[in-house]
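Shown next are two forms of a single protein chain, provided one at a time as structure tokens under the names structure 1 and structure 2.
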Structure 1
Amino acid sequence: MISNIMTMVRKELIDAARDKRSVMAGLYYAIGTPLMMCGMFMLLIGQMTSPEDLNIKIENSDNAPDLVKYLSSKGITHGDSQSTNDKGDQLDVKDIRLVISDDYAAQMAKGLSAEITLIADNSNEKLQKSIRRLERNLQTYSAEMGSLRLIARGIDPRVVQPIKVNVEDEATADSKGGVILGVATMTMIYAVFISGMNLAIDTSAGERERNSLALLLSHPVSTRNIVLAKVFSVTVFAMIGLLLTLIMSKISYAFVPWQELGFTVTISTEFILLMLLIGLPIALMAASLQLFVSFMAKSFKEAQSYLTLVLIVPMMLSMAASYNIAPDTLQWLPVSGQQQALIAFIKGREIPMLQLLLSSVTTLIIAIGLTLGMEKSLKSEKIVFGL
């Protein structure tokens, strides 16, 4: 009995390895995704760590050299369309004008309100952030000047600051990296779903389309063994895809400047082993899910469209785990539970064993349920002959 499962698995794997489409599907994902992620992380880290310089038009800047100096220390400088930066690239000058009044210096000297005018299109969404930033800085400058005036008159500036707001940013380096870690582990878990998908369709809906399913069922092999052999073959493919993804990630993530975030994502050997261990039940579930759906479909193409829809479910679970939506519920569910355990491991925290165990067991139960369902469906004439 076991030997004929082995025979079928061997044949499925030889068959799949010669199918360019199945192999490519796995390879593209395994090689492409870590590279794409790597590029995306580099961009993201760049944006998170250094706010871009804001270039606006400052008119009459001679009247207020101190203000201009202050703004430029905050990264806000004057620029016109011909300006270039140190590298010689053209500057991106925002359409915001700051007009300093002619009597600015005089008013300032007298200790009165000096006027400056901020001219910008407030309805322009793209400018909103820059306008806020400029306003905030102008206010801070104004408050600072006010305090200095009070001190000059011998008054403690605190009298005009009844409330002092202290903002403490609790974001630690690793919580900032939470989303990044989530996305990184999500792409790895998803590898399990993508790598075996083509083989799953080929060996079910494809097998029926090529009329070899009926022939296979005519041989003295139990339906259960046929189903098990198919599930194992797809699982093997999925696991190979996962392993490749992990290796590619290990190599490519080394190039991401993690230190700028204050933490590093290193794909250690321990992590690879843990991921493979945790990935196995997920791969079994992915395989049985994909085969089950493909057997239900009438043709190869139909199976492809159904699967794209069905794969949104694990994707959603994984996404929700990445973005920390309802973490208390998700840690018990399949896919998201395992993913949270993986994130905990990368962050160097304790792995929530109970949750991991429960979500893995649920994953396996789903896989077994789908396999049994498939066994039953292969006894139905409708499924076998695609009636």
Structure 2
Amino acid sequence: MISNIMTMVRKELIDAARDKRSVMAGLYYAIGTPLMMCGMFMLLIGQMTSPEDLNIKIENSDNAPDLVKYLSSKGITHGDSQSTNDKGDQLDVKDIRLVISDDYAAQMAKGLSAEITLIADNSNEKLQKSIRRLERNLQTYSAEMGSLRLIARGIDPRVVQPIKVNVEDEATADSKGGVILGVATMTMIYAVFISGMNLAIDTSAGERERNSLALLLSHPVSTRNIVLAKVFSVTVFAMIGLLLTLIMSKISYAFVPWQELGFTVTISTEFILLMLLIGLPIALMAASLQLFVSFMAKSFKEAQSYLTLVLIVPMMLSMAASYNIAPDTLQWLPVSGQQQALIAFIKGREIPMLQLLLSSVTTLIIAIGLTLGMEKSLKSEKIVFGL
């Protein structure tokens, strides 16, 4: 039985290797996604460490020269040209206006509250970050002026600050880097579903359209062996995609200047081995799911459409685990349970073995159920001939 299955697995892999375009289409994600993630992280780090100057329009700026000078020192200037926000979008100076009241100087001289008005469209997503940046600096300037007024009156500014909060961050450099790598694990797990998808469609709906599925089933080989061979073949491609993703991530992430944020992101050999071990049950489930859906479809294009919708489910589970928005019940489910265990590992915490074990067992049970379902369906003429 095992020798028959291995022979059929080799046959499926040889057939898939002949179609190089289909093979590469399945592996483009594994190669390209780490590079795109690397470029995105480089861009974000550049924006966070050296934000662009914000150019706004300040009316009656002569009434508050000290305020204008303070804002200028924080990279907030006023003029008639365009500026760029932290996302790289071009902003006109008229988009954000700061109106200084006519009696600003007189009120400040009297030690009273001086009025300034910030005018902007807060519903404009391009402006929101720039508006918050301006508000923070205005609040800081106001606090500094308040402290100077108290000192001028012989009052210690600490009197109005009865509580001083000291925050001690116990996060290590590795755990901070684990936050970034935790998000990256989402793309790694998703590679399992993407890499073998083309082969899954081709070896099911594709074979049926080429009229080779019925010929294959006519051979003196059990239907179960045929199904297992197809599942194992797709699993091999899925695991190759995962391995390529890990290798490309290890190489590309080394070029990202993480040190500018005060931490490092390292894809260790231990993480790669753990990822491959955890990814194997997921790859088996992904292969079984994709083949099952493809056999249920009546054509190659219909299978592509169905799988595009089906793959939204594991992506949502992975996103829920990555951004820590998953309810407690999801920690026992496939994909999200394994990913949370991976995130705990890369942050240096103890791996929740019970959670990992149960989610992996659930994953294998689903894979076995789908495989048995395929075996039963291939005994139906409607499925074999796409009727």
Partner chain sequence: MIKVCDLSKKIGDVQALNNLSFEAKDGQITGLLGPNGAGKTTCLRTVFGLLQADKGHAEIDGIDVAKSPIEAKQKLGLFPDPFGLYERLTPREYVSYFAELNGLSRQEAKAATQKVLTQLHMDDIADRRCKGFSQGQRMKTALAQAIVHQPTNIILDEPTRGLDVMSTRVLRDLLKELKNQGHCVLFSSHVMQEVAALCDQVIVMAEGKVVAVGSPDELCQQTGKDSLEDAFIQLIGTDEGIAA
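Rigid core: the largest C-alpha set superposing within 1.5 Å between the two forms. Structure 1 provides the reference sequence; residues are numbered from 1 along it. Keep in mind that this is a model prediction, so the values were computed, not measured.
Asks: Deciding between structure 1 and structure 2, tell me which is the form predicted alone.
Replies: Number 2 is right.
Asks: For Ile194, state whether the C-alpha moves by 2 Å or more between structure 1 and structure 2 after rigid core superposition.
Replies: No, because once the rigid core is superposed, the C-alpha of Ile194 moves less than 2 Å between structure 1 and structure 2.
Asks: Do you see a C-alpha shift of 2 Å or more at Pro65 between structure 1 and structure 2, with the core held fixed?
Replies: For Pro65, whose C-alpha is compared between structure 1 and structure 2 after core superposition, the shift is 2 Å or more.
Asks: Would Leu127 count as moving between structure 1 and structure 2, using a Cα shift of 2 angstroms or more after superposing the core as the test?
Replies: Yes, shifts by 2 Å or more.
Asks: If you line up the core, how far does the Cα of Val160 move between structure 1 and structure 2, in Å?
Replies: C-alpha displacement of Val160 between structure 1 and structure 2: 6.2 Å.
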